[in-house]
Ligand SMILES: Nc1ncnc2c1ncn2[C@@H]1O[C@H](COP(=O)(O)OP(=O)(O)OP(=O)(O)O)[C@@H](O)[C@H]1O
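Form predicted on its own, single chain, as structure tokens, below.
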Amino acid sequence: MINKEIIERVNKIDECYITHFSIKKAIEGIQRCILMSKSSKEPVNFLLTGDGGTGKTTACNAVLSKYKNSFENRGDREITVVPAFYSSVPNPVTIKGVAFSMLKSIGAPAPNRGTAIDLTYRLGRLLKECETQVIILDEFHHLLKKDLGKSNDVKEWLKSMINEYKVPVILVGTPECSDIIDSDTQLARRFKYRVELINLRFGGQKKGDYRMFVEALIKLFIKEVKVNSFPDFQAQSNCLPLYAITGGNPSNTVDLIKEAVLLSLENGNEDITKEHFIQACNNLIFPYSITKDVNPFELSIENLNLAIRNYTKKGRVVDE
């Protein structure tokens, strides 16, 4: 039976995040660009890419958490200082749409009022007035999917914004964003710093990022969701099925564990068992699954290792 209190209890995990090596590298790289931009002749920009669920949003939120809005009295006016904000490239892609999205994110009144030129002027004025130090612009891959002329217009607009207002921009999107940037040498020069987030590696004798991520995640579930216990995922053989069904994708791993916890709590059980994970695998779709239509929790260790070896031969990055 669906229980609102149980769902809210499990969703407390969404307020937490775990920074594995690649995310730490991205966060440190972004912060470095922001710091360098304060004394550099030109703003130092950053490109963060990755497939869905690899941690781009986690990295962005970690950066944004370090920059809080504040209020200042300037003469007879109270100004909102916005050191950092998150926006996204809308679909369909237009200059006015991007400017509107950024104006809305920075808190401008009537952000859609006026022409693209009007919106651009207002945005530039607010970036200075609000003392903005960094802009995070997500969904940049939308430029790949629409009219090439409009995409080129947005790229030229972005270059002009960077040049004129000297605010570093963090572009975020799928790995194809590198192609968008590199197709324009002037834009490529402005985004020398880059990190691509990928699904985590399982590791061999030495624990990979995935196993360490799972261990940290289990500790968070016990602490924040207040459940009693899980299967011993510190054991390599027990953690293999988790890896096989998620392909090492962090977001899919969180979804799987949440579903197993929900199933357990809805049955009045505070101890999460292997059976709850078997059911969770059957309830959800996992796009990065190595075992596809087979539930990995019902496979032998030999067959799991065989599936992972075959996955590796197809060009995926997995350590055995």
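From 1 onward, residues are counted along the sequence shown. Small disclaimer: the values here were computed from a predicted structure and weren't measured.
Below: the form predicted in complex with this ligand, not depicted.
Partner contacts here mean any heavy atom within 4.5 Å of this ligand in the predicted bound form, and among 33 to 41, 249 to 257, 291 to 299, 272 to 280 they occur only in 249 to 257. Though the partner is left out of this view, residue 58 does reach within 4.5 Å of this ligand in the predicted bound form, counting heavy atoms only. Taking the partner from elsewhere, residue 266 is found to have every heavy atom lying beyond 4.5 Å of this ligand in the predicted bound form.
Among heavy atoms of residue 45, none comes within 4.5 Å of this ligand in the predicted bound form. Contact check for residue 100: every heavy atom lies farther than 4.5 Å from this ligand in the predicted bound form.
The contact residue chosen from 196, 184, 139, 129 relative to this ligand in the predicted bound form is 139, the criterion being a non-hydrogen atom within 4.5 angstroms. At a distance of at most 4.5 angstroms from this ligand in the predicted bound form, all three residues 16, 20 and 53 contribute at least one non-hydrogen atom.
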